[in-house]
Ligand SMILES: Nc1ncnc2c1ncn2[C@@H]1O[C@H](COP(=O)(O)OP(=O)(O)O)[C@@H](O)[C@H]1O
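Take a look at this single chain, the form predicted on its own, given in structure tokens.
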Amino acid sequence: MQDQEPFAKLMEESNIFLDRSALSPHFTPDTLLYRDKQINSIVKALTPSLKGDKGRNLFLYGAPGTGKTSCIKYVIDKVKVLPLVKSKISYMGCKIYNSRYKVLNKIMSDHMPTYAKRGYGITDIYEKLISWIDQDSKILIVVLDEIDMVKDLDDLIYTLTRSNSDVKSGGITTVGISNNVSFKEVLDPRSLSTLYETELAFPPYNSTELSDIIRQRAKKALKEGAIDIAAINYAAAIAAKENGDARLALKMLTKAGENAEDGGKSKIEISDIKEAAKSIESDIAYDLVAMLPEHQKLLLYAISLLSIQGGKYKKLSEEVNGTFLLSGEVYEKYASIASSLKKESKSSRWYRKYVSDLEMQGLIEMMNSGKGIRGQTKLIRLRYPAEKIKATIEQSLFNDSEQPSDQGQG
């Protein structure tokens, strides 16, 4: 009989954790700290819809970990128990429901599950949806989390907004959520004009706010006395430097608790936070890569390939300690990859914007070319291992039959 000791240890009571789920990004606390203003704005924007009138579309944006999803879920949970609410709600994460068909079918699954299982096409689903709304003048609130993940977003927005013209009474209110502030600028102008009626920004948390958020979660997630206040403040300071990301802070706390437990401790200390921060920094980066819009992924893919190959100016890279690439060669590689995938590359103006976005998110760094290169240009360097970035993008963006044909070329 095999040794049961490793399995028996799994069932032992934790020295650190009381309710680990309270540190999950999917957990919504009873009180959301430092987000009263945003919650009130969401409620104000959705109130007409909740009363049965056509409401305003709403767009929430901000960096990852700033409370967008938590706030909308908090409002939805509160609304569901209110009497006399005249609207129906469908919430979905668009990393999974990433096409117009999947979104419409999810709506049907939420409210007409028997019909959704029959495998109808978009036209049939749309007509059934319009009929369902017309029955009793419903208002449907569709919440699209990470809306920029939808591949045919213009088509989806057109369909949802067109429904308000096709129904006799009732309608659809759309709530879009995105980590990428600039994604809206690549939408068709007609989609843009119909989607953005109310916008709400979520600023990053500062270190004091993050410290309070960590302390709030720790009270529920950890045993009493299982963490030093100094460790909480240290984790908050690290997360504040990383765009005020509360999810990073909570992930750090989880990992630190596991490290402390593995070391036989009953208390999380600063040393555990430091160790956790090192191990999860790259994980956060790769999660962020997977969430990027398509063309930013293609651009980052080009940078990773050129970084592996060394680029055209290897001598320069050696002099400045790392693989720096000329902005022009990166754009050429990006355009070549897009073409090989039968996608139209964006203009140089959009390219510059995408590069700026990637720099803001800490995935690349940039510097001016300086002396030794004819003319002035930007130099670009990847901040994470190129092979890992390349593999992450291939997993999240390409399928086996859709690998870029030029990926091995210089």
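Everything numeric here is computed off the predicted structure, so don't read it as measured data. One rule holds for the numbers: they count along the sequence shown, beginning at 1.
The same protein also exists as the form predicted together with this ligand; that form is not shown, yet it is the one meant from here on.
Among residues of the shown chain, R247 is one whose heavy atoms approach this ligand to within 4.5 Å in the predicted bound form.
In the predicted bound form, none of the heavy atoms of N57 sits within 4.5 Å of a heavy atom of this ligand. None of the heavy atoms of N164 is located within 4.5 Å of this ligand in the predicted bound form. Remark: K378 does not count among the residues lining this ligand in the predicted bound form, judged by a heavy atom distance of 4.5 Å or less. Residues with any non-hydrogen atom within 4.5 angstroms of this ligand in the predicted bound form fall in just one of 166 to 174, 213 to 221, 121 to 129, 289 to 297: 213 to 221. Think of it this way: in the predicted bound form, this ligand has a heavy atom of just one of L341, L50, I42, A63 within 4.5 Å, and the residue is A63. In terms of contact with this ligand in the predicted bound form, the residue from Y205, Y97, Y334, F324 that brings a heavy atom within 4.5 Å is Y205. Residues of 160 to 180 placing a heavy atom within 4.5 Å of this ligand in the predicted bound form: N179 alone.
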